[in-house]
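In the block that follows, a single chain appears as structure tokens, in the form predicted alone.
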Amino acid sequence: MAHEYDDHIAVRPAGSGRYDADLAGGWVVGGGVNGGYLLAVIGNAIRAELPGKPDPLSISAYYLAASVPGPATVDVSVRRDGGSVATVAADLRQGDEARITALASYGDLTRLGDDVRTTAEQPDLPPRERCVPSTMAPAAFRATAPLLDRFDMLFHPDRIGWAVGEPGGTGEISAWFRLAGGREPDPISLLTVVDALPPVTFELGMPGWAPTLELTAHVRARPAPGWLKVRHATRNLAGGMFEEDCEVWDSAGRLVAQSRQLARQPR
């Protein structure tokens, strides 16, 4: 079954490590295209350049300028292709301008093993039928964030005061998550998931677009089918910036992805 997500992150080889893409308008939020979606487009181009090593293990991206819907290119340069891990550099460009530059390690998570151990604890979320869906967001907000139609998010009913002007000040937001159409998670889609929830600064009483400066994601295992649990948290704001740590847990209760990003505080 085809899913819109796969169409939206699709790339076409253009020769010499270059891939063409069409950035979908449905991933716009605030002043640009969502950073996690863009990371998955880059990740998909890298995957196409590395037969036999389809999975991102680690990727660090620097966001140089906001991207806009429309044509883009991803230039991929393999720096080293070892036995189990390849190191790759990639740039996403629109016109003559580089919008994102990234460095990634890729491999095959199936071959590397499926043993996941952690001392971290899953987000405490009630059953999905008791949670609050993102579809309840006001129409005015949804008009500025069409990406909300690209997935389902279900929030803890007792911890969603930030959505009605009553933030709790905990610096943490968590939700159940699934891509639209029931598209099952995979390692590439996890690059989108780590940047899909509202900026955690909403929970600190600072709503608004929080553009990403740098994002590093680690994919630890292939996720099991089904809903994901996602948690964003921050501990520090300084110099007009904040860090946002993310954990992604699969339906088998495993921590399958982690990320940290540095973002600008909403204006």
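This structure is a prediction, so every number in the text was calculated from the model and none was measured. Residues carry their position along the shown sequence, with the first being 1.
Although it is not shown, the form predicted together with another copy of the chain is what the next lines describe.
Of the listed positions (M206, V68, A48, A224), a single one reaches within 4.5 angstroms of another copy of the chain by any non-hydrogen atom in the predicted bound form, namely M206. Proximity to another copy of the chain in the predicted bound form, taken as a non-hydrogen atom within 4.5 angstroms, holds for one residue of A180, A98, C131, A137, which is A98. Interface residue remark: V41 is not counted as part of the site for another copy of the chain in the predicted bound form, having no heavy atom within 4.5 Å. At a distance threshold of 4.5 angstroms between non-hydrogen atoms, G239 is in contact with another copy of the chain in the predicted bound form. At the 4.5 Å threshold, heavy atoms of D250 stay clear of another copy of the chain in the predicted bound form, well away from it. Looking at D158, you'd find every heavy atom of it more than 4.5 angstroms from another copy of the chain in the predicted bound form. Residues of 94 to 120 that come within 4.5 Å of another copy of the chain in the predicted bound form, judged by any heavy atom, are E97, A98, T101, A102, L103, A104, S105, L112, G113, D115, V116, R117, T118, T119, A120 in sequence order.
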